[in-house]
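In structure tokens, the next block holds one chain alone, the form predicted alone.
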């Protein structure tokens, strides 16, 4: 008759306690800085609250006001969608093109990769402020370059039609992070497939569209999600680059994040609307969740899987 495995059970119990001890700081931080603010925000979204007075429960009035009477909400939605439509495809195309170029065997490729990634590690606010001088219509470098090329100049950030494209250009300045992920995906493609394709006489274009692009398609889907979230949460660029700091001229660059900030933390002389801002936060949160869920749901349509016969 054998004895029960008590030593092994005690060891498992000791390991579990050690795991809980190591996980405790992360769980406490997640609860304090994520779960609790999420619950408070959901509560404030149903109240009239300015940050100083006692929250007054108003039900769904904040959401009703948002969709029916707020003159700045739908322009903010349009500005956010325009930013997504312009930024996401361009960031994917430029990031993939840079990754393909940096994946070549040539002298100085390490320096080239470093230069492409360098804007990502530079201070964000300082970089955006520098771009504000570049886009100055009178003395900025952008119009000087256009003048040298005998092309018509632009109002850039001061024009209602050119302000959003200018912000997209500034956001594309940090496309190096996208390039790095694509570069890692490209280097994971088996070289045997390229060698077999060359033996069969396939050209570079056929190799890219028939081998490279299908094999990195899961990473492409991941990048679509990441870039959509980046565009939907854009704040620094519209805030710093807009002439009035509130998404001007007009509502051309007043994206949802900037609208939330303006309502929650208004300028001097205006009353904060933290309850209304919380309602906008939840609308933006639900939009992001729906877009991510839809992308994940239909990702199997345009991604390659070696399990599919």
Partner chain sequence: MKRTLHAAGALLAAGGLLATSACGGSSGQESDGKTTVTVMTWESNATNKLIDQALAGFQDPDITVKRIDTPNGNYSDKLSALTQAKKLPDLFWCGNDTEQQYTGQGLLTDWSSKLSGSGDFGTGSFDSTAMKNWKTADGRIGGVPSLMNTYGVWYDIDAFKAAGIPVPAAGWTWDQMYEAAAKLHAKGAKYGLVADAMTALDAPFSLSLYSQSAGGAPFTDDVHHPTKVTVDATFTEGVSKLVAGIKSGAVAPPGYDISNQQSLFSAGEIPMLWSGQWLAAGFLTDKPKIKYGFAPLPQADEPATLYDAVGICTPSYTKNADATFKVLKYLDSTVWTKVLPDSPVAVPAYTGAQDSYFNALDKAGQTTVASTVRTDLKASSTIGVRFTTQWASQAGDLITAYWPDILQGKKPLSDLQTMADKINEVIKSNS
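Positions refer to the first chain, counted from 1. No experiment lies behind these values; they were computed from the predicted model shown.
In what follows, reference is made to the form predicted in complex with its partner chain, a form of this protein that is not presented.
Its partner chain in the predicted bound form is approached by residue 273, whose closest heavy atom lies within 4.5 angstroms of it. Within this chain, residue 65 lines the site of its partner chain in the predicted bound form, having a heavy atom no more than 4.5 Å away. Interface membership of residue 151, defined by any non-hydrogen atom within 4.5 Å of its partner chain in the predicted bound form, is ruled out. Although the partner is absent here, residue 266 is a contact residue: one of its heavy atoms lies within 4.5 angstroms of its partner chain in the predicted bound form. Between its partner chain and the residues 139, 188, 106, 199, the one pair within 4.5 Å by heavy atoms in the predicted bound form involves 139. Residues placing heavy atoms within 4.5 Å of its partner chain in the predicted bound form fall in a single listed stretch, namely 68 to 76, out of 68 to 76, 84 to 92, 189 to 197, 169 to 177. Taking its partner chain as positioned in the predicted bound form, the residues of 31 to 53 that bring a heavy atom within 4.5 Å of it are, in sequence order, 33, 50, 51, 52, 53.
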